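Given next, in structure tokens, is a single chain: the form predicted on its own.
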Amino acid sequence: MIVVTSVNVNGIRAAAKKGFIEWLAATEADVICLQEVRSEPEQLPVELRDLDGWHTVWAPAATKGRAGVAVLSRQEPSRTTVGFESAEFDNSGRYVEIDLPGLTVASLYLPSGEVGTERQEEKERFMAEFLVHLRKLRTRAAADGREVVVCGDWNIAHRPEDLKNWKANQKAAGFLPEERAWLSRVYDEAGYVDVVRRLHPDRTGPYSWWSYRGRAFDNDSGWRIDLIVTTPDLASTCIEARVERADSHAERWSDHAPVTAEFAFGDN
């Protein structure tokens, strides 16, 4: 078995003060993909600088205090790569991948965007380049006899079932028709599978992000934007996929919840 978890920590230094370190000590995950780390490696809390039992790859953004992704694995990677050969985005702290036996694992933090601004244009440029990368990644992995899992904050809700107030958000970044169509291309053209939706095809949610404003968490008024996306053969071995939703608002250490998938894969 191999257990993979993805979570946007919304600033790892803040999350560490609220319960992330305790969660990390208790998790049974074999690989953890982090997004929005917002910290240089030397700025990490001392408890996270030399993690016993974990191999860590940190990919901070060139702009300090922004973005940042990481992968933690119990097994030492044979290869690590930051970025996806993008002149614009490779130093933006938005993508890192590692190779484990028979498996490539990537952590993704796709730009959030904002309608009518440069941020949305940036998101669209990222999406265009990243779809090309996803196709190449799958082709390369297949040639090497490998499977692929891309975990992260994709910042797109694909279907009405993926956000509570979908009718009011049809013109909002994260649920725009063109963004949803792009995610459809990831599945239908590039050939990847959303493992949570595969196991829960008709369920509303399960949401993975709730605004800190109002009572969004208490009312479960959220979005399902944190995805574990894999090659089809790996998806077929997924026996469980869940959102680790906190029991109460007070117990949250991020505005996102960890998303975890368990695969009957390899010798793990």
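Numbering starts at 1 and follows the sequence shown. Treat the numbers as computed from the prediction; the structure is a model and nothing was measured.
Below: the form predicted in complex with the DNA, not depicted.
In the model of the complex, at least one heavy atom of R119 sits within 4.5 Å of a heavy atom of the DNA.
Although the partner is absent from this view, Q43 contacts the DNA in the model of the complex, with a non-hydrogen atom inside 4.5 angstroms.
Although the partner is absent from this view, R242 stays clear of the DNA in the model of the complex, with no non-hydrogen atom inside 4.5 angstroms. Put simply, G19 is far from the DNA in the model of the complex: not one heavy atom of it is within 4.5 Å. Contact with the DNA in the model of the complex, defined as any heavy atom within 4.5 Å, is confined among 52-60, 210-218, 25-33, 234-242 to 210-218. The three marked residues, I12, G65 and Y109, each reach the DNA in the model of the complex, with a heavy atom inside 4.5 Å.
Within 4.5 angstroms of the DNA in the model of the complex, the stretch 81-101 places a non-hydrogen atom from R94 alone.
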